[in-house]
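There is one chain below, alone, in structure tokens, taken in the form predicted alone.
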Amino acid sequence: MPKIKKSVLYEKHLELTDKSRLAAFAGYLMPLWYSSISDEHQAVRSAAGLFDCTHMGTWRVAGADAAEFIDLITTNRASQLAVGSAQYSYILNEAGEVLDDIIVYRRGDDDFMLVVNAANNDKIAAWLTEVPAILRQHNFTPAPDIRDLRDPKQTSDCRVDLAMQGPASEAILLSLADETVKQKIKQLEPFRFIETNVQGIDLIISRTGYTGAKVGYELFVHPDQTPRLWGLLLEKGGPLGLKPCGLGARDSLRIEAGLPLYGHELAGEYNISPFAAGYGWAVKLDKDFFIGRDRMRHESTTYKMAVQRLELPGERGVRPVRPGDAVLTNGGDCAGWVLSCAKAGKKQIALTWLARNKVKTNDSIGIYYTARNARHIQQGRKETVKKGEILDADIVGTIVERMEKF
């Protein structure tokens, strides 16, 4: 069994919360929460939250063939990115199945950084070694230099990720920067980044994030400087409402915003494609070639199920909705299932896997709670529900817009 690693902020976490609130995630001990999930969720929506994302994978792809290589192995168009810009994209296998959703950053004409999900990092590392042989079968022979930027052997070029999200994020960053850097930060638009120095710390500051916040940043920093940057941000940001946030709030925030998580609203049990997840715009079907393109072309016109977002009652005393619960139309027939759900204030927000032609925005929708334990089964509650089964709803909500910004 692989040994669980400690993030570079492990000691900082222990200064702020009890060890019992740390859990293994993607091979690392990470904080679930510091104060509470709801408190940290609200901090991001009203002020700012600081997240340890140092477990995320960061890869450098460089050299004369870098842009061509990334275009061949991802669904979007990295070659059209301007230097200082980033884009959302997917890595697929030959069958067109999603291996990961990623962000591509263009640091120079021939220099890119890929940020991948922590849980998929090792899989992507292995895939990158297999890709050249696959590309040769299609008469492509790019040979860029590929390096793991979390590897200490990269010395000064090492990078790990911190995320600061929420409306106060810009003011907190500005409080640390000199006048020249302040102007650059103020001019940053979404999916743009700068490489600069703040308080003697070499930083990539990017207007990206995973919370749905209109204002938010990811800060790519050397692992050795990460604890110092974490401390500086909390010191300067505390009076502005900045709070450290754990994995719990990270999940509830992304669900509230409608953002997919690999294995839940992307790939996973239902092999959910980018089109069904609501991100077909990141798949450029007119490209001459990318690995998995044929499946995506077929999927783009044939998918019958899609991810949809629901708003449900969440007041005290209302039983929480859970993944696997059945989603019912007005007629009571099962049109799909819950993928993820989280509390957001006095509401619950659920991301669901639903038949496309059954519901539309503002429709009333029901949820049937599947059995949670043996007692529920004895009482006649179903453990699983098949599509088309007719049931009575336990709780009623509404279909809302697929995505939301805060």
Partner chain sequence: MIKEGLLYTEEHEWVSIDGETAVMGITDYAQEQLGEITFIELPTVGQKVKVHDEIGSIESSKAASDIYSPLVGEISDVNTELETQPELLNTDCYEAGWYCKLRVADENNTEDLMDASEYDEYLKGL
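Values in this document were obtained by computation on a predicted structure and should not be read as measured data. Residue numbers count along the first chain shown, from 1.
Another form exists, predicted in complex with its partner chain; not displayed. Remarks below refer to it.
Heavy atoms within 4.5 Å of its partner chain in the predicted bound form are found in exactly one of 373-381, 60-68, 45-53, 353-361, that being 373-381. In the predicted bound form, its partner chain sits within 4.5 Å of a heavy atom belonging to Arg21.
When contacts are judged by a 4.5 Å heavy atom cut-off, Pro320 counts as touching its partner chain in the predicted bound form. Although the partner is absent here, Trp33 lies within 4.5 Å of its partner chain in the predicted bound form, judged by heavy atoms. Interface residue remark: Glu195 is not counted as part of the site for its partner chain in the predicted bound form, having no heavy atom within 4.5 Å. Contacts between 36-50 and its partner chain, taken as any heavy atom within 4.5 Å in the predicted bound form, involve Ser36, Ile37, Ser38.
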